[in-house]
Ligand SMILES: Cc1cc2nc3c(=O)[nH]c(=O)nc-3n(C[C@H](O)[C@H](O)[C@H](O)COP(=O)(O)OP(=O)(O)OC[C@H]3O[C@@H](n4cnc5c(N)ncnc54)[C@H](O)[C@@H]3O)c2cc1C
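Just one chain is shown here, as structure tokens, and it is the form predicted alone.
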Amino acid sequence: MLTLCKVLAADLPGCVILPHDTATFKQSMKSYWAQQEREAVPACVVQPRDVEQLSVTIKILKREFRQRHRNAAGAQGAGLFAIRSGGHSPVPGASSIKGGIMIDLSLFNEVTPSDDGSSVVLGTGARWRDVSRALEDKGIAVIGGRNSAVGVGGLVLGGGLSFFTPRYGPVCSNILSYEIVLASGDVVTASASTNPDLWRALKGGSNNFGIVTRFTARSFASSKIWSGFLWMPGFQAPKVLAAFHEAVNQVNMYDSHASGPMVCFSYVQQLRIQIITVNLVYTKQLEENKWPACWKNSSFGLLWRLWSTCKVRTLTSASDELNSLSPYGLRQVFATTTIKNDPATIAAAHTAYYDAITLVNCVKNMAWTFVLQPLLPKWARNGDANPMGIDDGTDEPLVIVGFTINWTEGRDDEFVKDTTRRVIEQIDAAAAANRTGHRFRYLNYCAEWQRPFESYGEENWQFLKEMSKKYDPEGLFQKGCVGGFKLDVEDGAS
């Protein structure tokens, strides 16, 4: 890899950061959210300043990929490079690579509104706080991320959930066009009128077709929103679960400005306590700092709580609050499944989380967090069509079940991963027994062992495979790029 780094440095002067560039290299590694990603040290970091330099980078990597394939048939450049937008995924290799080439897109960070305010060009390396801050003074917003530190690229390409999803659909369904560097090094546009099949594939297809550099997103008039957290003691769990089920069936069915509820049950090992947080959002500005009627009249408005942070605030403030609950530099794991909004299955999922506390209590400095949030199939029909298959086969409200877990010691990695997987499997078994499961797995919450593209449904999965064969026939992004979830395109077919 050292020779390859030297080739890149010669053709891209000033863009390659080597490990001996100690301070700059360390700073690059510290930008990852999860500690595991920081520990996967690349041979060098390539930080292109524009799309032309990124194109040169891909052409060099493609040449190396072909050479490896000729020298060792079947290997096809495995583990050659990774791509980092915001670096907020905990999946090993999602945006990092041990001993390979890491492409850092942080300089692609523009936020440029159109003259008429109907769209905004977003650089893939921008973070959502950059986006909201740039747009607030102009009185507009885009359908974007809820955590201010998350990168634009990863969230959008994984589908994307937003405070505005009940009104406008997933984030990806509101992207008018993509600028993308293909495996050939060619820079193309994908939109409804240009490469429309690629445009559709990028709406939840992750990084399987090239490197997206810019997104043109729909925008709309927006001012402040109402949002915040309710903090409750663990013994409120039965009432919170009942309030969640009721709200998903009622509040979100009738008021598209209501986002949430997102309910988090957390066991904090260091303190030996359980805490419940409920995030409520209302995206239509209120005249006063009072609860909107839809939330005030829900069961959440009646629950006793330790305190509440709910108030009228900027979108940046709302997303900063979510980010404050996700500290940097810890070891992290995600895992997810999807169920119908069935009380018995929701209770079984919470029981699986709760029963596992006795197992994970031995893990030093662990925060063991179980999250419930609604996903209504009708939301997926808003905006442009996508291949995620959320609305196939049911109109019943769905619930995304997620685990977000952090701890400090590397020795506990495999135990935490195995325990989380067993709990997810236990929840899936309960859903199967109750006939309340759903195939969809939200890519941005998946663990490394999960297969989100299969969950899109056979037809959509096959469509994505065909797009991979069409736009990356040699499989550079399937076999040479280690990051993200792959499509399992058959060897020889690509």
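Each residue number is its position in the shown sequence, starting from 1. All values reported here derive from a predicted model rather than from experimental measurement.
Beyond what is shown, the protein has a form predicted in complex with the named molecule; the following relates to that form.
- Stretch-level contact check against the named molecule in the model of the complex with heavy atoms at 4.5 Å: of 345-353, 83-91, 300-308, 389-397, the positive one is 83-91.
- The named molecule in the model of the complex is not approached by Tyr456, whose heavy atoms all lie more than 4.5 angstroms from it.
- When contacts are judged by a 4.5 Å heavy atom cut-off, Phe334 counts as touching the named molecule in the model of the complex.
- Residue contact check for Asn174: none of its heavy atoms lie within 4.5 Å of the named molecule in the model of the complex.
- Using a 4.5 angstroms limit between non-hydrogen atoms, Gly484 touches the named molecule in the model of the complex.
- Among the residues Ser326, Asn249, Thr189, Gln274, the one placing a heavy atom within 4.5 Å of the named molecule in the model of the complex is Ser326.
- For the options Ile97, Ile211, Val401, Val263, the residue carrying a heavy atom within 4.5 angstroms of the named molecule in the model of the complex is Ile211.
- Annotation for 442-470: interface residues with the named molecule in the model of the complex are Tyr442, Asn444, Tyr445 [heavy atom within 4.5 Å].
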